[in-house]
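Next up is one chain by itself, shown in structure tokens, the form predicted alone.
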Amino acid sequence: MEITTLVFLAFVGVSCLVYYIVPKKIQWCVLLVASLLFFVFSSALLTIYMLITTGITYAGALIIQKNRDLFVIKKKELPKEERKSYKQKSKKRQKILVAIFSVSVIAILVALKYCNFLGDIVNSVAGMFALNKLIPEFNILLPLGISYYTLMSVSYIVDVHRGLIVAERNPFRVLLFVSYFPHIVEGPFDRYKDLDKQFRTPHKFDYEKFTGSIVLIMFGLYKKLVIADRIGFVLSDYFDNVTENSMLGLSIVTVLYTFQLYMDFSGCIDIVSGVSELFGVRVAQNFRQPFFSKSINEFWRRWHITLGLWLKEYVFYPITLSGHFKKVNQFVRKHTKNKTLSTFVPAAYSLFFVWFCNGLWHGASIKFILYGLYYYVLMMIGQLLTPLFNFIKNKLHIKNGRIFRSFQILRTFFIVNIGMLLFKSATVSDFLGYLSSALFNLKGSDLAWAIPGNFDLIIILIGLLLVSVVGVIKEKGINIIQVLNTKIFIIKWIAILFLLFSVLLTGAFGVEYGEMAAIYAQF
């Protein structure tokens, strides 16, 4: 069930109506039923994988909680001299339990999403020794949102282990957290403590919040259907010609693809955020004007925010707190007198796993791993050369004014576009072919569609201008929804009707355009 279809919007409307009719103490049950129906409609029998993941998550968290509670009780009963030994044993047992249940949850994702990728690696190694293909290729269908609900399940298990939350005894509340339908298609990643509190809170119908949510939904539909899908239609055949594209052509379409991906992903996030807020539940923010970033680090703090936070909480921190990392850190400090290197090497070591996982999460291929490591290498180079850059900057008397900030933004945008070209390329070989074309094919332009008066291009440019204006306003710290709420109600409805008719009249849907699924839904 695509979130941009009338079927989905009708589904949301009916769910919302029932939600505000039933007694408030069972509103969460309406969300649970709606989420399960959404899963069944979208994944059919594959829903069983989500239920198995939920079962492991629920049982694992209870066992971990029981071990924590047992430690607290036993600690009080034991003599003081025995407490330290018991604490170490309990801590070790706790780590083993967390590892078992986290790996069990992730194993389902690996078996379904990364099976063929791992098989290809094994077969490649076997081929080096002149062996036949050892592992066949499997045609596996992925259940809806498996990459999202798997990582959220892991976060729940680990948060119980850390004592940040208490394990839920009601399995249906855990099931609601895992399957909550607004965020399951493209995220964002939410944590149990943030969502469960809202699920338990009674929600009255609020006209201002309701209409504000509609504005957000309509704006998301505008970004997705009018801009992203139209760019996709315009560029549908362009990337098929790997080595026949001019530098000018490749530069323009790469920028357009970057905007397509952003409009598609952020548009869908706006839709699901607005849908969730219809029920009075606010999901985590996933974008914050990423193209205003002055560095790659800042870009990834603004782009897919919740994925970055998840990797920070559940990959970076566990690695930096591990005994192995402490040994690496001690070894580097002992054998390196340079302060810059002594801090750089441990950071580079731990961040490698973060960016490797970032790339691998996006897809089961070498291309996506290199996509993550591309940003990793650039960040490490930037960190290592920061003292040199600051020295040159001071020598040239470069100030942090508007011109320098503009340069930083453009530089970051250029770097991001190279990354997006790799993201779009079918293979690493194709990516290298595009770069070769851009460097050596300087003649001609293969942009026959990019002519004055092209209707699709005009609509795209107007849409990008509108979204850019909204982005500038938000970057100044102005909440547009709040502004609309403080004005007379007619202004908000003008905005809603403007977006509605813009989508209906200029949206890229119908027989001519075909159906374009959300790009990030595949991850």
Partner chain sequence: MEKLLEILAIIKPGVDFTKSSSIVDDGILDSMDIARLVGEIGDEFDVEIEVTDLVPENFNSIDAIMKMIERLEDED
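Owing to the predicted nature of the structure, the values given are computational and were not obtained by experimental measurement. Numbering follows the first chain given and starts at 1.
There is also a form predicted together with its partner chain; it is not shown, and the following applies to it.
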The one residue among Leu388, Leu410, Leu321, Ala107 placing a heavy atom within 4.5 Å of its partner chain in the predicted complex is Leu321
As a check of understanding, the residue in Thr340, Ser124, Thr201, Ser436 with any heavy atom within 4.5 Å of its partner chain in the predicted complex should be identified as Thr340
Indicate whether its partner chain has at least one heavy atom within 4.5 Å of a heavy atom of Val166 in the predicted complex.
no
Contact with its partner chain in the predicted complex for Lys87, defined as at least one heavy atom pair within 4.5 Å: yes or no? yes
inquiry  = in the predicted complex, does Gln330 come within 4.5 Å of its partner chain, counting heavy atoms only?
reply    = yes
#### Entry: Heavy atom of Ile146 within 4.5 Å of its partner chain in the predicted complex
no
Which of 330-338, 170-178, 272-280, 394-402 lies within 4.5 Å of its partner chain in the predicted complex, heavy atoms considered? The stretch 330-338
| query | in the predicted complex, does each residue in the set Leu216, Gln285 and Arg302 place a non-hydrogen atom within 4.5 angstroms of its partner chain? | reply | no
